[in-house]
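Coming up is one lone chain in structure tokens, specifically the form predicted on its own.
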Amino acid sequence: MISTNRTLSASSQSPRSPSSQPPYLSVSVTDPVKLGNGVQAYISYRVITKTNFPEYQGPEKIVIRRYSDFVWLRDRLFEKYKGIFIPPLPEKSAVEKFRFSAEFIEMRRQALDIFVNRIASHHALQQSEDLRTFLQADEETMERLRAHETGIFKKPSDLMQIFKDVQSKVSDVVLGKEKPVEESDPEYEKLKHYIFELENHLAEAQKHAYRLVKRHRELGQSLSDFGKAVKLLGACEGNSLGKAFSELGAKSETLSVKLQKEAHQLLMNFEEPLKDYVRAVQSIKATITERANAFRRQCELTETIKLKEINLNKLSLIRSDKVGEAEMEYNELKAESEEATRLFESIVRLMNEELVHFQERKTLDMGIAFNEFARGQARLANGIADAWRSLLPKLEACSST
């Protein structure tokens, strides 16, 4: 749960806002519950909102949401807030849907909590009407809204294809495979190259973090199996040897538990943050594509206006009766071009601001994640060393007799 304070401007102050308390918006995603079976199964979550924002219905609201509701919110924000990096959602796993393991459910809950709190803490996104709807509407309303979006895009897979196309196009832009009209700004080119490289390196780090988690779990299981076998061996022996074997087996089982716990911590506090930033970079790439599209649209309109102007001049020279109609088209196109220019400039400005915030947050989050990783590994190594060291006197005594 994150408590978000909003800076008050003169226009945002309201007589309904408590003068003694600054505005806040606190959201938490809790209590995941599996509903349904098979392909129809899904997880529902309680989303608890506490706020004193005057535009909200009250100080506290609890609603039930499912993954598709979070997707609806993400898609609405992506469509409306051009230039802003919309926080990413965890992937929808068809394989995990049939299992819905406790670990998967907790990872999904944590990722959804992070997603909605990033929106709630963003100075622009927190003012979104769609966010208020998501946090306050009843389930029936949300279902109607999702159905409306599905109607627009025909089926959910169409929208997923749009995002895949976005990723494909931006990769083409970064790799230079596509040669449309592009910005020639060197700083923008450096940005695209950096984002592409960052995604690759984060993905590689996440892949190896996954292998570390897997190795910890496999070693933990091996130690558990070894411990059981050695304890059985100790039961066959007598005197000091049997006792030493039994203690060796018990230590192995204890270390197995430590490794499994550390594997879980490694997953939640190291691999998942890395995976989250891979998704965040993909959101940035989607915004880069929006910027590229806005720039192309601006250029296309500029060229079209030139042609319309030439045509208008020709019609004026021959005093055609179509001059009035052509002039109207020219003025409409010029207004559209000016709007396209404003949109492009807004995207550029917002992207620059977003990048500063992204770098600051990434530095902090990655610092925490790697610090937790190093501490966990040191703690585990010391625990393992202490456990084996405590057995050495008894084992040495057996080997010397």
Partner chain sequence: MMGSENEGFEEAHLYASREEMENLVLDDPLNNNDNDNNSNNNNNNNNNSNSSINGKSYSAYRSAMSSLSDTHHPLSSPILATSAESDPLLSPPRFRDLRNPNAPESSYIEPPAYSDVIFCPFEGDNVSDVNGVESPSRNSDFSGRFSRSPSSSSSSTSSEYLKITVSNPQKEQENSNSIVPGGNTYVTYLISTRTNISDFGGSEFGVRRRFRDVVTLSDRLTESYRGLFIPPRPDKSVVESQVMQKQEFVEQRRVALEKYLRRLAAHPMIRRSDELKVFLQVQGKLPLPTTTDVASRMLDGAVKLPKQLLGESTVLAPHEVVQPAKGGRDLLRLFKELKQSMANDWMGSRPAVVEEDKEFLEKKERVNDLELQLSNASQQAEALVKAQQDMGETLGELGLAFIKLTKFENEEAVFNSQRVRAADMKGFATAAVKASRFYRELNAQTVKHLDMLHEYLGLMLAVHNAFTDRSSALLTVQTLLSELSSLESKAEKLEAASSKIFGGDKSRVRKIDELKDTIRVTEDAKNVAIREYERVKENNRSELERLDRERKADFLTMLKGFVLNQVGYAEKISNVWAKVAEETSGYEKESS
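Positions refer to the first chain, counted from 1. The structure displayed is predicted, hence computed values, not measured ones.
This protein has a second form, the form predicted together with its partner chain, left out of what is shown; the following refers to that one.
- Exactly one of the stretches 84-92, 117-125, 289-297, 223-231 approaches its partner chain in the predicted bound form with heavy atoms within 4.5 Å, and it is 223-231.
- A single residue from the set Ser346, Asn371, Thr30, Gln57 has any heavy atom within 4.5 angstroms of its partner chain in the predicted bound form; that residue is Asn371.
- Of the residues given (Ala111, Met142, Ala280, Ala209), Ala209 alone sits with a heavy atom within 4.5 Å of its partner chain in the predicted bound form.
- The candidate spot formed by Tyr45, Lys80 and Ala147 is out of contact with its partner chain in the predicted bound form: none of the three has a heavy atom within 4.5 Å.
- Looking at Ala326, you'd find every heavy atom of it more than 4.5 angstroms from its partner chain in the predicted bound form.
- Put simply, Glu237 is close to its partner chain in the predicted bound form: some heavy atom of it is within 4.5 Å.
- Put simply, Tyr24 is far from its partner chain in the predicted bound form: not one heavy atom of it is within 4.5 Å.
- Its partner chain is not drawn, but in the predicted bound form it has no heavy atom within 4.5 Å of Gln40.
- Shown without its partner, the chain has Glu237, Ser240, Leu241, Ala244, Phe245, Leu248, Leu259 in segment 237-262 as residues with a non-hydrogen atom within 4.5 angstroms of its partner chain in the predicted bound form.
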